[in-house]
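As structure tokens, one chain now follows by itself in the form predicted on its own.
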Amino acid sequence: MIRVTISDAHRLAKKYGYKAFMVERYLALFKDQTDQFLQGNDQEFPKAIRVNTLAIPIPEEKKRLEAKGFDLAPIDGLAYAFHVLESPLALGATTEYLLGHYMLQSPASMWAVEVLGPRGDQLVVDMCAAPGGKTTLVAQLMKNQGAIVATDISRNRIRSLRSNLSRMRVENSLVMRMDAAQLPDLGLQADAVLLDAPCTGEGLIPLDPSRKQSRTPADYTTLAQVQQKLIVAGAKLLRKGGVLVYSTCSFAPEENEEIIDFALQECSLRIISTNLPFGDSGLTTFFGREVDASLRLARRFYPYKHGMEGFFICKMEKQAA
């Protein structure tokens, strides 16, 4: 493989349609794999659906969709999920969709909930819940038992959240429109917290190529400030021994490893294994700095390696203060 150097940043940026500063960052992170990484971001992935077992058994839904001409391929490790290789109808316009039989959802998003591992005897908080893909999967894994507190700050997005919770037959959720950073004021003692944090969304470039040009260097700093506030709030929500899963659809260490490293110093949290059988380890060195060595237990997904959009997942446990 030909080694790619920093001097190639402008050439690669022009070739793949990125802002040059982004490619410079990727060269620093991925070095001689940068060309492969950029090529991977240009590939298209088949859409994925998750069968809603709160509404219908998996085999029955698969049979119904295949009878209509859908070509479904199972997704390894996710018994309820399928890639849609061919669909004669728009996935959001079928009778089955309207009945809440399935949710359009990316595999990476599903894996974040699997790592959380919610149970029906728990209180679970979904801090940035809209439009509800993860929240409805949390309810599905809890079998509509226990309780979910789902929040979002956006008035428009909260409408989508409520709509999807209703369509997917979720009965164990309480929805609140609020700044999730203020959740500790409610005095909750959660067993599990899911924080899919607002981020630059670089990992979604395969789905939305406009993201190659839509960000500035200042965005990483601005969003990191938000992410820090949210993860501190998430840690405060947890009872001792409770679990927090932090995820983003970003490649940026400033939004991932740096946020976790900050949380390890400021909150009573320790990183534990995701137990995922795939994914790259979290970074422990980047851009000339080092972070806590336990970040190797986090997981990164790359389009060119893992066949899905870019994603970061880290699982943490609350310790005694």
Partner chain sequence: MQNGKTSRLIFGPPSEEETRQIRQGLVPFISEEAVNRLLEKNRLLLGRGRRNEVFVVSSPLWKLYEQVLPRHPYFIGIFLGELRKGELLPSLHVLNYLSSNIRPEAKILADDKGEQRFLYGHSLATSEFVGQDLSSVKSGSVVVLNAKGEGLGYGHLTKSGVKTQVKNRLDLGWYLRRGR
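All values derive from a computational prediction rather than experimental measurement. Residue numbers count along the first chain shown, from 1.
Although it is not shown, the form predicted in complex with the partner chain is what the next lines describe.
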Would you point out which of 234 to 242, 192 to 200, 99 to 107, 221 to 229 contains residues with a non-hydrogen atom within 4.5 Å of the partner chain in the predicted bound form?
99 to 107
At the 4.5 Å heavy atom threshold, is V115 in contact with the partner chain in the predicted bound form?
no
Indicate whether V175 is a 4.5 Å heavy atom neighbour of the partner chain in the predicted bound form.
yes
Answer with yes or no whether R64 is in contact with the partner chain in the predicted bound form, where contact means some heavy atom within 4.5 Å.
yes
Does K143 reach the partner chain in the predicted bound form if we count a contact as any heavy atom within 4.5 Å?
no
Within 4.5 Å, heavy atoms only, which of D71, E171, D76, D208 is in contact with the partner chain in the predicted bound form?
E171
May I ask you to list the residues of 79 to 93 that have any heavy atom within 4.5 angstroms of the partner chain in the predicted bound form, in sequence order?
G92, A93
